[in-house]
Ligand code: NAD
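One chain comes next, on its own, written out as structure tokens in the form predicted on its own.
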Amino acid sequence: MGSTPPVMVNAEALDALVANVFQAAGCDGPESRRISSHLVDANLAGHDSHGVVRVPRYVEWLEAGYVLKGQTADVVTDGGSFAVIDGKWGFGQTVAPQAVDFGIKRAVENGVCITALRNAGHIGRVGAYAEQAMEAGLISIHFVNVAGSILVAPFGGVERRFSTNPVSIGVPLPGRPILLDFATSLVAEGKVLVASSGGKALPEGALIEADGRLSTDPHTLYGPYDTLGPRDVSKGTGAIRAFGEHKGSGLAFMCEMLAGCLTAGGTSGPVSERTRIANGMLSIFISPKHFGTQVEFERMGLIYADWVSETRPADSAAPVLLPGEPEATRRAERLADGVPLPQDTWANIIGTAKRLGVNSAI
């Protein structure tokens, strides 16, 4: 990670520290542990952009009243196999699992369920919710937007219009779960945040300046900032680019339609006086058992997965991997060796802990 070696932190100790930070910030024990385990698990999976780098920002949002502790999501519309669910600005790690639990329960009963979650705090790594559904034996598809957040330029443009708008799909093949989880931007905003704190550098052309020049400099998105301290996307004049040119841009647009407009939670913009962001998530849960094809689904799926993974690789040292396999490998490595954190990221977490009176010794 960059030129400075990362700090290696034991995952269990990191989880305990982060939970203590959120409890000191005012969350109760179960919510604190839920937020912490979700963030640390994102790091274990290698999705550092959605991991503990978010701790100082989450605490700032809680203190500012942008996100609320201890919320229970409300079911606004209940149609049996579909529902609109309001997160009431609660922590995403609290209200998103509630919405997913609702969808799982109904899909197990009826074969399928569609949930439209709105007004949720930042829900973190979306793949976690596909994993939650796979544990119940369900296929799930998730489209996410960020109301009030503009970070990404559409294909052919230099001005921000989208957020990073992730998509995740989980397929529960027995013994070989398949998990697709990606942002529709070329990089997640959290990866820019990590890079700005001394972490992994951004890939070429990840950002675009207002004059159309491509960039890898986090200042393009954040403007001037101190080494330690918050990052403010409103101070930057550039944008993140969509992945895959027009394809990623088109998918990001559809995330706004499905997770923003259909949920009635709002789109990324036009941004006016909105002071806080919120995630919307449209989720589709499917029970293979109810379709009457589960045996063949699993048989065909496993045969096909094996066939794809046996593809002769272009580089003999880099085998062809299926969606979710890189995350599983990283999780095993990081549980054994510790979670690598850029030194600035670690310093920001420790600074937040000390400010809240939390013992940061690990």
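Just count from 1 along the sequence shown to find any residue number. Nothing here was measured: the structure is a model prediction, and the numbers come from that model. Here, rigid core means the biggest group of C-alpha atoms that superpose within 1.5 Å across both forms.
Separately, the form predicted together with nicotinamide-adenine-dinucleotide exists; it is not shown, and the next lines address it.
Looking at residue 323, you'd find a heavy atom of it within 4.5 angstroms of nicotinamide-adenine-dinucleotide in the predicted complex. The shortest heavy atom separation between residue 191 and nicotinamide-adenine-dinucleotide in the predicted complex is within 4.5 Å. In the predicted complex, nicotinamide-adenine-dinucleotide lies within 4.5 Å of some heavy atom of residue 146. Taking the partner from the other structure, nicotinamide-adenine-dinucleotide in the predicted complex has a heavy atom within 4.5 Å of a heavy atom of residue 125. No residue of the trio 154, 161 and 256 has any heavy atom within 4.5 Å of nicotinamide-adenine-dinucleotide in the predicted complex. Figure note: of the listed segments 247-255, 75-83, 172-180, 109-117, the one touching nicotinamide-adenine-dinucleotide in the predicted complex, with heavy atoms no more than 4.5 Å away, is 172-180. When nicotinamide-adenine-dinucleotide is considered in the predicted complex, only one residue from 238, 260, 199, 166 comes within 4.5 Å through any heavy atom, namely 166.
The partner is absent here; in the predicted complex, the one residue of 327, 41, 31, 298 having a heavy atom within 4.5 Å of nicotinamide-adenine-dinucleotide is 327.
Of all the residues from 31-51, those having a non-hydrogen atom no more than 4.5 Å from nicotinamide-adenine-dinucleotide in the predicted complex are 47, 50. With the core held fixed, the Cα of residue 203 is displaced between this form and the one not shown by 2 Å or more.
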